[in-house]
Structure formats: structure tokens, C-alpha cells
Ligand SMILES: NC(=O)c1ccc[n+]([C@@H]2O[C@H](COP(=O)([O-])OP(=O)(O)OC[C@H]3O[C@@H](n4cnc5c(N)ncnc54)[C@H](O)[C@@H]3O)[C@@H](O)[C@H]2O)c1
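In the block that follows, a single chain appears as C-alpha cells, in the form predicted alone.
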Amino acid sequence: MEIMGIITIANKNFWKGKKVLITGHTGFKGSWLCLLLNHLGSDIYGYALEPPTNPSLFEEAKIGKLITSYIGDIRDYDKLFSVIQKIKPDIIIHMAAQALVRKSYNNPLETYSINIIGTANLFEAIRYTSGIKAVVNVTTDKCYENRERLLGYREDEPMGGYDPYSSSKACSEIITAAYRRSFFNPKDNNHVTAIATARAGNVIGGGDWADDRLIPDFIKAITKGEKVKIRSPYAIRPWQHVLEPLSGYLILAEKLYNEGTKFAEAWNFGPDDKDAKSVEWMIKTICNYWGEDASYCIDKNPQPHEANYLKLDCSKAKNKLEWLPKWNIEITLKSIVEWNKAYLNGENIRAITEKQINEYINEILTDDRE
């Protein structure tokens, strides 16, 4: 049977034994990616600061026992370079970032330093390291110049960003394109490294304890017996389970590894249009799934600017990578309730996370065979 499209993430023949470096591996998405790659049999390395939250999925799931972890700052070029030289990875997935919009208002210089200089540091280190075949720089859906339109943004549309976080990620995209053209262009110097960027929507899932994010705020309030306060109840976002974009990153990385510069460009990974929901719809639905009198209220205090409407056009990834989202928003929210109730009940966190990874991959296998 020919294995195609999103099923590629279950292709252990490709991923088994591949040396994969994840920057930002101690974060929420990085931790899920470590467990996913562990499932696929990869030789995993990580470079990041200590886990950004307490508790953290990285610590709760004891991920440090599964990988080779280097603690360091992406802005420390000398250390980053020495680690990459030591590992000489086959594939790098770059997720180290200051990833919170509201935090970027409080500390814009830190945000710009991490997200811009950090990206440049990485590519400069890659430039002088042989054997790296594929690099995926994970940015954000917020890198576009958002005009609050109903149509989704395509990869060839202008970069922008209202706030420091969003604009810093737009800069990361521009830096990636500049390095790709200047130093990783096979027409000029036959460099073997293929570089792409990946722009995902609002990623949610179990194990996210970041501040000022919708689902973590809900969980924190519920565990305290409080109503969750929501900002911008009518704001619409492209919500998706964390495994959705991660599957896209891995498909993209495999294409870059095998076919090189043909896929070295920008890619959107977002949910189907029907899963772009308002903040209030999300909270009402998760309160219903949670039960136990979970409820919410609207925070009427003044808030810093955030986009009211944002949607991605993912037709390129669907057509050229054969990537498709698999878990709709209802399944996603049910999985988050299941994960967090397991955590609150003292269950094995690595086990519940791996269970959901297996369910996701099994659903892909089932759909592909139908």
C-alpha cells in the first residue's frame, strides 16, 4: 500500500534514526514534538532555556529522559554554534521563541532579540555546519499584514504585524528568505540545506500552562473554582490541536530532506474554515464538555490590541504536501478536557500524551485506508 500525505508522520522508515534538533524543545509545542518523534524512533536533541512554566509538559512527562537536552539561549551564538557542530543534525525544527502577544507588549526588546537575532544566529550556525539537509523555521499565522478580512491569507501575501510579537515573526520570515537566497541557494553555491517556514494557527492542547492564553486560563480558573475571564469574546481564531501543525512540520521536513529546494518556501498549516471559532464559542463549548458547573465571564477592562479576525488559506499545503487537518474543534476540545482531567487525577502524563498521539496517528491510518 502506498503511504501518502499526512500519513507520512507515521513513516518510521524515514524518521527512525534521523538526528533531529528541536530548538525550544522545553516548551509546550516542543514537548509534544519530542514525544511524537520518539514514537517515530528519531534520535532527538534539544536546545532551549529551562521550561518556561511550572508545571511544564517537559518536566511532567519526563521528556529529558528520552532525548539529549542542551540548556541554552538561542541568542548565545557561540554556545548554539558549538552544540550544532557537535550534533551535526540531519534535520532542525526551529521553535525557540518568545511566543506570547501580550508579553511582547510588556517586553518588546526581549521579544525582538529572541525572535529576530535568535533566528539569524541559527541560520549563521547552520551556514557553517555540514550535513544539515532540512530546516523548518516555525513562525506564526500572525506574521501577515492583517486587514481583518474574511478570506484566508496565502503564503505570498505581505508580511506585517501590529504588535511586537507578530512583527518579530514577520521579521523572522524575512530573515529566513534572505538567508535562503543568499547562502542556501544551490544555484549559487550548491549548499545542500533546504530551508522552509511554517505558519500555524492558534495551537491548543494538553500541557499548555502559558500565561494569557485561552485554554490555560480556563484550566487555571476551573482548578481554583472560579469563573474564567475572557477577553475579546467575539474575536475569531483558527484553533487547532497541537498535533495538527506538528504533523505538517514533519511532512514538510521529510519533503525538504528528500527533494530539497523544491519545497524550500513558506507554508500555512491551519484548520478547516468551519473550525475558525470565536473566543466565546470556544469557552462555552469547553465548559459544556468539562461539566462540574464550569462557567465564564467577560473581562471588561481595557486590553491591548489583538486581531479580531484571522484565518489562513492552507490550500498549498493540502495540494502540494497532501497535508490535511484531521481533528475538528470538537474532538480537539474533548481531548484537552481528557488530558487535563487525567493530569488533575494524578495520572501518568507521558502515558496520556502518548495515548493521544497514538489515537491521532491511528485515525490517519484509518482514514487513509478507507
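Start at 1 and count along the sequence shown; that's the residue number. Everything numeric in this text was worked out from a predicted model, so none of it was measured.
Separately, the form predicted in complex with the ligand exists; it is not shown, and the next lines address it.
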Contact label in the predicted bound form: residue 49 to the ligand, heavy atom within 4.5 Å: yes
Taking the ligand as it sits in the predicted bound form, is residue 28 in contact with it (heavy atom to heavy atom, 4.5 Å or less)? yes
Report whether the minimum heavy atom distance between residue 95 and the ligand in the predicted bound form is within 4.5 Å. yes
Just checking whether residue 179 would be counted as a contact of the ligand in the predicted bound form - the rule being heavy atoms within 4.5 angstroms. no
May I ask whether 72, 140 and 201 each come within 4.5 Å of the ligand in the predicted bound form, counting any non-hydrogen atom? yes
Here the chain is shown alone; which of 215, 243, 114, 132 has a heavy atom within 4.5 Å of the ligand in the predicted bound form? 114
Just to be sure I understand the contacts: of 252, 99, 122, 219, which is the one whose heavy atoms reach within 4.5 angstroms of the ligand in the predicted bound form? 99
Within 4.5 angstroms, counting heavy atoms, which one of the listed stretches 313 to 321, 33 to 41, 50 to 58, 329 to 337 is next to the ligand in the predicted bound form? 50 to 58
